[in-house]
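Just the one chain here, laid out as structure tokens, in the form predicted on its own.
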């Protein structure tokens, strides 16, 4: 089994899983979706009662229930650094909460304004600002204010979707598109270019040519109109993966961590089999 990287941007990646099986491809997909540990806000404390700012009293109230605001804060991408933080279950504080396993944010805003995710201020380390600062949280009118303390911890999306680092993780059999060389010069075959919804083919000097086989969706519309001159099949030993991240981890980190988790679990299973 091998991996060929096609694209690896900050929040988007694509690669080919080579010489593998559908079972392994599905295991990798499920691991990327459910088992990648990342930081997310898990506890939110709201100040109750009036809030005094510059001698003026503001009411600690918003148009939304506190539960809705807490949910929105939980979905805000929080930067994740495995070297700085560990899961609470593995921390020396034994889950009590300390700088080794938690990030504390404060949110203090007065109306009228739109409270944004960027208004969350990390306590102690300014490098831990949230990744997307323009996510709207709640609208405050004149006389309203919020004072919130939120705590982020490491978790996995198998427990809650707020800990999901990768999104839109999908794969397909690697497309294999062929053209009968004896028919490639047939002018009528160029109709395939307009029929293909994924722009797989181009006209090069009057000859039908495959220019982007990986984009093929395996719909086989080209096969039907070409009367067999064009063939399409999926390679069940090679898989084309695409995915995005929420920014809490880079696309490369997601892939590396997922591969590491699968390797560790496979090693553990092998040891159990040997013990039997």
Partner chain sequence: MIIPVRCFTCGKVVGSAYPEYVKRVGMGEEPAKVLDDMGFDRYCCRRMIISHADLIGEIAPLG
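This is a predicted model, so every value here is computed, not measured. Residue numbers count along the first chain shown, from 1.
Only in words, not in the display: the form predicted in complex with its partner chain, which the text now covers.
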- prompt: Based on heavy atom distances of at most 4.5 Å to its partner chain in the predicted bound form, which listed stretch, 211-219, 244-252, 230-238, 45-53, is the contact stretch?
  reply: 244-252
task: Would you check, heavy atoms only and a 4.5 Å threshold, whether residue 80 touches its partner chain in the predicted bound form?
output: no
field: 4.5 Å heavy atom contact, residue 127 to its partner chain in the predicted bound form
entry: no
- prompt: Should residue 134 be counted as a contact of its partner chain in the predicted bound form, where contact means heavy atoms within 4.5 Å?
  reply: yes
is_contact(residue 180, its partner chain) in the predicted bound form, heavy atom dist at most 4.5 Å: no
- prompt: Which one of 139, 96, 185, 203 is close to its partner chain in the predicted bound form, taking close to mean a heavy atom within 4.5 Å?
  reply: 139
message: Give me the residue from 153, 150, 76, 189 that has a heavy atom within 4.5 Å of its partner chain in the predicted bound form.
response: 76
- request: Could you list which residues of 35-72 come within 4.5 Å of its partner chain in the predicted bound form, counting heavy atoms only?
  value: 38, 61, 63, 64, 72
